[in-house]
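Heads up, the chain below is alone and in the form predicted on its own; it's given as structure tokens.
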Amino acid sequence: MHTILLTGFEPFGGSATNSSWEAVKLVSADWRGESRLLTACLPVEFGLAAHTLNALIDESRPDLVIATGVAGGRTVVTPERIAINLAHATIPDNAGFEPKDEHLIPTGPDAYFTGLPVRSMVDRMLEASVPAEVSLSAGTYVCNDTMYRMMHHLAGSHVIAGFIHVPDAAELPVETIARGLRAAIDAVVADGSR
């Protein structure tokens, strides 16, 4: 891995912080890997988050992209298997948009599978004493929108990419989440070197 792009999200839904971005900042501050680590904080807006991420991908040409976001109610770190071609919000995004049962890309496939070795990532996180499990779907909010559009953008490329949902800091300390993200990155690097 020459370049890794790791992203989190800005606060949303009335929260003052977003544990995904707080954890990404901790990973960056403590980064000692051989690869170059780039980080970014994405807006919690349908379409714009993915547009911002895809522009960063085009600019930085990473080998690995891991986008992260908060999933309310979860208590463990969860790499996602699938992003679906659907936007359905139960709360507005940060621009006030609240889509209902809309396709993200009308001509796109129903779903994209992750490029990440999710089972290996979970195993590595558990070894690092971080509670983790594989999640089937990234949902239908901005996180799913971002993963789906990223995977669509990268279809056919060599870039390894996917999405990880993390708990809110009230459920799991940000330091533990950051340790999990680092373990997840290590799992991808180890998987690629086999």
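All residue numbers are counted from 1 along the displayed sequence. Since the structure is predicted, the reported quantities are computational estimates derived from the model, not experimental observations.
There is another form of this protein, the form predicted in complex with a small molecule, and it is not shown here; the text below is about that form.
- The candidate spot formed by 44, 69 and 141 is fully in contact with the small molecule in the model of the complex: every one of the three has a heavy atom within 4.5 Å.
- For the small molecule in the model of the complex, the listed stretch (56-64, 24-32, 142-150, 122-130) containing residues with heavy atoms inside 4.5 Å is 142-150.
- Using a 4.5 angstroms threshold between heavy atoms, residue 18 counts as touching the small molecule in the model of the complex.
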